[in-house]
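Coming up is one lone chain in structure tokens, specifically the form predicted on its own.
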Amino acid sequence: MIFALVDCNNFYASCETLFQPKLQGRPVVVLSNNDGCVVARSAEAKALGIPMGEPWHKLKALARLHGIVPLSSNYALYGDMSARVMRLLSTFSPVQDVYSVDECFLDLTGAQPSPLECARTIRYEVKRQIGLPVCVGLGPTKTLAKLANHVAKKRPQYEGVFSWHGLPTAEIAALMTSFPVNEVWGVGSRLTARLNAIGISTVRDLQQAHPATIRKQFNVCLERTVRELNGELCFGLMTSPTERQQIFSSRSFGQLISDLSPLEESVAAYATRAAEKLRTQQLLTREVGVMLRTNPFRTDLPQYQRSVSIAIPPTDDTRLIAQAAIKLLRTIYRPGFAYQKTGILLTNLISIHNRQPDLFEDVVGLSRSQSLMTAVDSINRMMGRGTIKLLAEGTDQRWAMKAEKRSPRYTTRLDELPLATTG
């Protein structure tokens, strides 16, 4: 088999520069919720040594010196651009495994005129049709394809596409020796420290390790990784989505909130998001949970946190879920505290196709509910999220997270489309 791992380069930052050409060549960082920490960097920002997770307030002096451009996370834009990339990639192979928002595996076995040429075409077409740069790595296993993608990114001579196929053994060994062991898929910082302690510091060292010994000292997953580094297929493609066990929707507030009313608005808004996810995945929830907490880092303030849940009839109706969530919130709310966060947890999920009919249920009401939710989702997809929403979500939403530096949602909001002007 020939696996391809297609990965968008600096995805969040690339989405931003695509719609703002003035940012090209400048160091760009994308910030987390409430503009707290760096969660994505352009190549120019990486060159300045800005680490992932660095608090933005610590970078302001460096930003002034180098002209760093900070942007709030624009998840609507990133999600839509991801969907466009994945749809295009699905046309190159009947077998696709979407691994994350910006990368996926493809089975290019038997691709014509060759898997390598197909990979080059993929890179060209994604850039031409969507405008985002990608790199493609090819290998006989997923682990080797992932590593090949890293080689494609780090070695300019391969022009964004790299394959292990046909390389001399000595060249493969040299490449694997040049990369530290933490570049292997699934090898994190803690595992790296343990591997280094027994003399395994490079990818080549791990490849040459005895699988049985690795399993005994670590676990079966790392043993399979070693086998995959040697070309033995252990991890197949996941072509169908794993059935979710729960859906969680939550955000930290842009400011501390003490009153019940804005807390209810936040819970209604998060219930709306969770219900949308239910319907997208054709699921129903049979249990709704609500959590409420203060800021644990504000030790100067009184602390409080609670969570509670309740069973409900199977549903994906936003109104019913929000209604249950607000009732739960009222039972755990306590005045006198400055709250930082609420959240909604939907559990006990089932497929909409596995729903057991109730002899006494309101069939007409159920049909109307399904029709209403379908209409709301359709309008919000067409006109932008929040075009139609529950009154309970409020209008000013002073609890909403900070996004003062967010770019327009160019592809999902008609009122935020870029305008072309004449001189």
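From 1 onward, residues are counted along the sequence shown. We call the rigid core the largest set of C-alpha positions that still match within 1.5 Å between the two forms. None of these values were measured; they are calculated from a predicted model.
A second form of this protein, the form predicted together with the DNA, is not displayed here; the remarks below concern that form.
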Among 204-212, 258-266, 187-195, 315-323, mark the stretch whose residues have heavy atoms within 4.5 Å of the DNA in the model of the complex. 187-195
The DNA contact at Val39 in the model of the complex, heavy atom, 4.5 Å: yes
Examine Gln340 and determine whether its closest non-hydrogen atom to the DNA in the model of the complex is within 4.5 angstroms. yes
Flag Gly386 as yes or no: does it have a non-hydrogen atom within 4.5 angstroms of any non-hydrogen atom of the DNA in the model of the complex? no
Would you please decide whether Ile247 lies within 4.5 angstroms of the DNA in the model of the complex, comparing each non-hydrogen atom pair? yes
Heavy atom within 4.5 Å of the DNA in the model of the complex - residue from Arg123, Arg227, His150, Arg251: Arg251
Checking Arg306, Lys327, Lys277, Arg155 against the DNA in the model of the complex, the residue with a non-hydrogen atom inside 4.5 angstroms turns out to be Lys277
Taking heavy atoms and a 4.5 Å limit, what residues of 97-117 are near the DNA in the model of the complex? Tyr99, Ser100, Asp102, Glu103
Core superposition between the shown form and the other one, C-alpha change of Met291 at least 2 Å: yes
Displaced residue check between the shown form and the other one: Ser266, CA, 2 Å or over, core reference: yes
Can we say the CA of Arg306 moves by at least 2 Å between the shown form and the other one when the core is superposed? yes
